[in-house]
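A single chain, nothing else alongside it, follows as C-alpha cells in the form predicted on its own.
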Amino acid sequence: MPVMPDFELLRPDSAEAAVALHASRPASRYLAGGTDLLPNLRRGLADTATVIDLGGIAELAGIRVDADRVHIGAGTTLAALAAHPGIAAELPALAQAALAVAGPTHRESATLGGNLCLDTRCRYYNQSTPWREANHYCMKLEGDVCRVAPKSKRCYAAFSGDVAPALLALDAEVDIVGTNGRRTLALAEFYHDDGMRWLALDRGELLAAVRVPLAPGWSSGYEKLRIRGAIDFPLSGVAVALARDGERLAGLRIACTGVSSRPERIEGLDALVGQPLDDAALAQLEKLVLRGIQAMETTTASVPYRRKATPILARRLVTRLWTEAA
C-alpha cells in the first residue's frame, strides 16, 4: 500500500505571501483541493518536502457576477461553481463541466484552479511504482522514452480537465500572480502542447482567478464520454458556445479535452459563420474537430474510438444548442 511521504505544510494568508514562500523553497508545491496532488504524492508521481496550502487565502475564493463578466477565484470549489445560479444561467457550459468532474465528494474539495492546472495523464504514467519500474518508467517521470510515441522527443500524456474546454469555448482569461507581480493571459495561451510542460506558468507563479465575458445571445454546453457515469476522467470532452441569428449561425466556438496534451480550441469554425447549420455545415464541423485533436494511446479506450467519437459528440452538442436557440 503506498504511503503518504512526510512534508512541511505552510498556510499563507495572501497570494503574494504564497508566491514568496515558494520563492524561498523552489521545490515546494501548491495545494488547493488536493484531489490531484495528494494521490500523486502518495503514489510516488510527485515529490516535495514542502506543501503550500492555498485554502486560507480569501481572494482566491468566491464568484462575482458583474454587468459584463463573471469573476471566479481559482480556489472556488467545483461544487460551488456547479450550484451557483448565476453560472448556471449565464455560463451553462461551465456549470455542466464542473458538475461532470469526478463525484460529489470530490467536487466539495476540488477547485477551479486545480482542475485547470490538472496534471496530464497517461496509462503508462498513472501507475504504481513497481509497475512503472517493470516497464522502465517513461519520459514524464524517471525515464527517457514516451511509451505512447517511443520515437517522439516530447511527452504525449493527455490533459483531462473538464472545466478548461468550457472556459475556452466561453473565451475566458486568467489572472496569474508571480514574483514579478500580476499578469493576465487568454486561457488559450495558458497551455502548451506537451505532456510534461503543459502550463504557461513560470516557476512559482500561481493561478489566482478566471474572468469570463458575458455574451448575450450565446448558448453553451459541455458533454463528455467516460467509461463510468461518474468518477472517471473524460475519454473525450467537448464544450460548445453558439450564437444563432434566425436560420444562420452567428458564432461558434468548440473546445475539446482528453484528446491532446492540452485542451484544444478548434480552429477554422469561422468559415461556418453566416451559413445555415445544415448537413453540409455539420459534416464540415466534424472534419474540423477531427483535424484539431490528436488522440493517442493514453487511456483504456482505443485511439480510433476516440477519434471517431469526438466529432460525433461535437456534432450532437452543436445540434442540441442550435435547436434550443430557436
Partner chain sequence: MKSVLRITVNGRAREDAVAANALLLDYLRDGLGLTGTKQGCDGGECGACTVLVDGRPRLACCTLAHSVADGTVETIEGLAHNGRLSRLQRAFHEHLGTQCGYCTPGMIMAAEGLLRTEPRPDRDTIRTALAGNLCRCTGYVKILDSVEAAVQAGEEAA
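Here the structure is a predicted model, which is why all the values come from computation and not from measurement. Numbering follows the first chain given and starts at 1.
This protein has a second form, the form predicted in complex with the partner chain, left out of what is shown; the following refers to that one.
Participant: Of 283 to 291, 262 to 270, 25 to 33, 61 to 69, which is the one stretch near the partner chain in the model of the complex, taking non-hydrogen atoms within 4.5 angstroms as near?
Facilitator: This holds for exactly one stretch, 25 to 33.
Participant: 152, 179, 184, 105: which sits within 4.5 Å of the partner chain in the model of the complex by any heavy atom?
Facilitator: Of 152, 179, 184, 105, the residue with a heavy atom within 4.5 Å of the partner chain in the model of the complex is 105.
Participant: Closest heavy atom of residue 9 to the partner chain in the model of the complex, within 4.5 Å or not?
Facilitator: Contact with the partner chain, yes.
Participant: Is residue 129 close enough to the partner chain in the model of the complex to count, meaning some heavy atom within 4.5 Å?
Facilitator: Looking in the model of the complex, residue contacts with the partner chain do not include residue 129, since no heavy atom lies within 4.5 Å.
Participant: Find out whether any non-hydrogen atom of residue 38 is located within 4.5 angstroms of the partner chain in the model of the complex, and reply yes or no.
Facilitator: The answer is yes: residue 38 has a heavy atom within 4.5 Å of the partner chain.
Participant: Would residue 53 sit within 4.5 Å of the partner chain in the model of the complex, counting heavy atoms only?
Facilitator: Because a heavy atom of residue 53 falls inside 4.5 Å of the partner chain in the model of the complex, the answer is yes.
Participant: Scan 217 to 249 and note down the residues that get a heavy atom within 4.5 Å of the partner chain in the model of the complex; none is a fine answer too.
Facilitator: Sequence-ordered list: 228, 230, 231.
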